[in-house]
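Just the one chain here, the form predicted alone, laid out as structure tokens.
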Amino acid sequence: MHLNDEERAMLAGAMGPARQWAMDHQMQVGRMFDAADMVPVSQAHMMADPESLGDAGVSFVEAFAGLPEPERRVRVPMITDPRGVDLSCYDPLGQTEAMADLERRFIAACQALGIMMTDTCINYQTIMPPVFGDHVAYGDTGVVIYSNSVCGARSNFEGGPSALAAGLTGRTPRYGLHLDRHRRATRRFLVETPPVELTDWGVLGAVIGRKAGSYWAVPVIEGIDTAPTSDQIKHFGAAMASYGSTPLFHIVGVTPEAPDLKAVGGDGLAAERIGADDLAALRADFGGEGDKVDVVVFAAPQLSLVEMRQLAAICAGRRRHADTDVIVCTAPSVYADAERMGFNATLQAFGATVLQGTCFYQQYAREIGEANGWTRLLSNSAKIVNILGGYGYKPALASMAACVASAEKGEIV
């Protein structure tokens, strides 16, 4: 890999051990992917919930936090993915003091490094969306696919250490989606049944992700005649990334790199049709009308302010069943606005627990399920039902309105 003078100085340790580690880590990643050089990034976003980090990971970051001030500070704006514990509300969920202490330690270490604790997976809706052509170093799969596809920015999936390294150096290896040639379409899909509400978009994204099935696959989609809302395309991309590890898609006439098929190289690809049967087959994996519901979860991705308003409007004047819990996860910035606008109060009157800065599957989902006796879980997120089967749950999928109705009745309607 070619390094400039500043990068060589970091690698040699002239700017301290934190940047030396970071550059060495990035050199190893870059060599693995045949990167020719490094590319400057404007911002970094790190996935690092304490459940994944454990004590060893937290101690690793704490070691950097103990360095002198100039050496330990990140060089570009750096933000965080959802946390593992909402420290204002961990006890009612069955999380332990040890889990909370690990969270507190990690937060303190990040703050010492100059990392902003935004605790969100919807930073493209809430913090500072990247712009077209912007090179960034993002972690969360839903963040990466939205930023690449909808914003036209450039990022690979950066693991926690790689995102931290990017924050410390202000650059990342130039491979994958930082290169034009990897942004060209490799699969072409024709949608015959356009999605309507959020869950429909998630299901369509899941079907395409499952068919694509590769990090290096780039789907281009036809048949979407009306531009989706930010929340609709958010659920679409998050599900596609969850089912297929896909970091980029194009929608003809909608996303910025695909004004037409030819612009992304899709005109030479055979079209694969996605019809009602394909969508129904995916939904059939997550059914169970009449089944008792232990917990209804609205998360993954965190809810935007618009979703909080929509959910509150559906819940207004109603009350959940005594045997069915309801969890709503949103970003801290959205939580503050929802509090001011009365949405939180409406959701709490329904009987929901509104969490800020967490996402359900990142907050010790198995442990809190066991603590509360939750097995049958219902959500409107295609992403979360895909994930939680591995955490001991029996997940089911329904629209936002059907989820609320099921929570009210205590069984899937």
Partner chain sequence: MPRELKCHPGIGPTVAGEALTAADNFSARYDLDRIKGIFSRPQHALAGQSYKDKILVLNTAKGGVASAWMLHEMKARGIAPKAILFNAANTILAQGAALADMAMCDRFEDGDVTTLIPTGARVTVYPAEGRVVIED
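Everything numeric here is computed off the predicted structure, so don't read it as measured data. Residue numbers count along the first chain shown, from 1.
Keep in mind that the form predicted together with its partner chain is missing from the display, and what follows is about it.
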- Query: Looking in the predicted bound form, is its partner chain within 4.5 Å of a heavy atom from each of Leu53, Ser162 and Ala241?
  - Reply: yes
- Task: Go through Met38, Val61, Ile368, Val354 and name the one with a heavy atom inside 4.5 Å of its partner chain in the predicted bound form.
- Result: Val61
- Task: Note which of Asn344, Asn386, Asn380, Gln43 lies within 4.5 Å of its partner chain in the predicted bound form, where distance is taken over heavy atoms; exactly one does.
- Result: Asn386
- Task: Within 4.5 Å of its partner chain in the predicted bound form, counting heavy atoms only, one of 269 to 277, 116 to 124, 222 to 230, 135 to 143 shows up; tell me which.
- Result: 135 to 143
- Item | Interface membership of Thr324, its partner chain in the predicted bound form, 4.5 Å heavy atom rule | no
- Item | Contact of Glu69 with its partner chain in the predicted bound form (heavy atom, 4.5 Å) | no
- Query: Could you tell me if Tyr361 has a non-hydrogen atom within 4.5 Å of its partner chain in the predicted bound form?
  - Reply: yes
- Query: So in the predicted bound form, does any heavy atom of Gly390 sit within 4.5 Å of its partner chain?
  - Reply: yes
- Query: Which residues in 26 to 47 have a heavy atom within 4.5 Å of its partner chain in the predicted bound form?
  - Reply: Gln28, Val29, Arg31, Met32, Phe33, Asp34, Met46, Met47
